[in-house]
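One chain comes next, on its own, written as structure tokens: the form predicted alone.
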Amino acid sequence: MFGAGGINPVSTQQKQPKTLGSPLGYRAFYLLIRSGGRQAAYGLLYFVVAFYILFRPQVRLSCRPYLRHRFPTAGADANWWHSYRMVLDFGKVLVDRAVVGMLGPDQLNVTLHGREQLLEIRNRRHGMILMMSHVGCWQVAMSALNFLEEPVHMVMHQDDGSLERHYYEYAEQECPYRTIDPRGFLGGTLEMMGVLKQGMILAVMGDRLPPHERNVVTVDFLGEAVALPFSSFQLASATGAPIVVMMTRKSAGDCYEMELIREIRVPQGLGRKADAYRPYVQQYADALAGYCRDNPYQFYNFFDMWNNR
């Protein structure tokens, strides 16, 4: 059950990783979900994750950069356990995503914290940049935003060779949010500007560098410098739209929480220089670091962020 957006050998390239697993393995999980539900799939998952941790060293290597910064004093034995917990929690997220697609959204309970603040931001009609991260299960939690009654435009693309599906693809439904491909003309910038100028919602990922991204700034994350993109912050400066940092977490067996962590207001007219955006990107990095301290096994960026400056 490990695929795109997930686990790959340690690399400085922030690209879609090669899928681990096989079509047969995925079908086994799908069969368990249809016949026994989420718990049946979890039962198999414990053994599958143990196999990967014991016999696929690239999986442990993929976890190492983050775990070394999150648990700097952990010894070798502890790091094996941390790796197991991290991959197990990631596997549960993938199972939950398939459950929602195959059995319906009522299989999970999503609680939103910050509803009134989101409504207040929407009512300003300056647009909104939802800054998501590879934490929890952002795809499942997106369903909690229906109350805003505004179309969500998501900047994303999927590896063509990935076995992993988005939750709506399991039921052969249409994508519930509109997508903007960053590989398009001018990186999709004109489309993004149009969304914000019309007062709508633009959703982006803040913790991964897209291929060929030039707008990069270095900030501190978990005690060491990382390079993060600041294109979204440029959009905020150009349009006056606020950046709303949202995080999701799996809080119990069938429960997820989605929380508005911080609203970042970027002054207008900052131009193109990276240094002008560093304080605002640092605010996002601080919010993500706080999440990782509270939810150490729910950060799923499996590459070496600290060696990509």
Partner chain sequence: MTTKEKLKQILVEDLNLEDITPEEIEDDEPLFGEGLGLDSLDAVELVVLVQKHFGVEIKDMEEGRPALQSINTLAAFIEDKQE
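Model, not experiment: these values are computed from the prediction. Positions refer to the first chain, counted from 1.
What comes next is about the form predicted together with the partner chain, which is not displayed.
When you look in the predicted bound form, the only residue of 209, 156, 118, 193 with a non-hydrogen atom within 4.5 Å of the partner chain is 193.
Comment: the partner chain is not present in this chain, but in the predicted bound form one of 113, 197, 178, 124 has a heavy atom within 4.5 Å of it, namely 197. The partner is not drawn, yet in the predicted bound form one stretch among 223 to 231, 146 to 154, 97 to 105, 69 to 77 has residues with heavy atoms inside 4.5 Å of the partner chain: 223 to 231. Although the partner is absent here, residue 215 sits close enough that one of its heavy atoms falls within 4.5 Å of the partner chain in the predicted bound form. None of the heavy atoms of residue 109 is located within 4.5 Å of the partner chain in the predicted bound form. When the partner chain is considered in the predicted bound form, residue 267 lies well away from it, no heavy atom lying within 4.5 Å. Although the partner is absent here, residue 238 sits close enough that one of its heavy atoms falls within 4.5 Å of the partner chain in the predicted bound form. Residues 271, 272, 273 of 248 to 273 are found to place at least one heavy atom within 4.5 Å of the partner chain in the predicted bound form.
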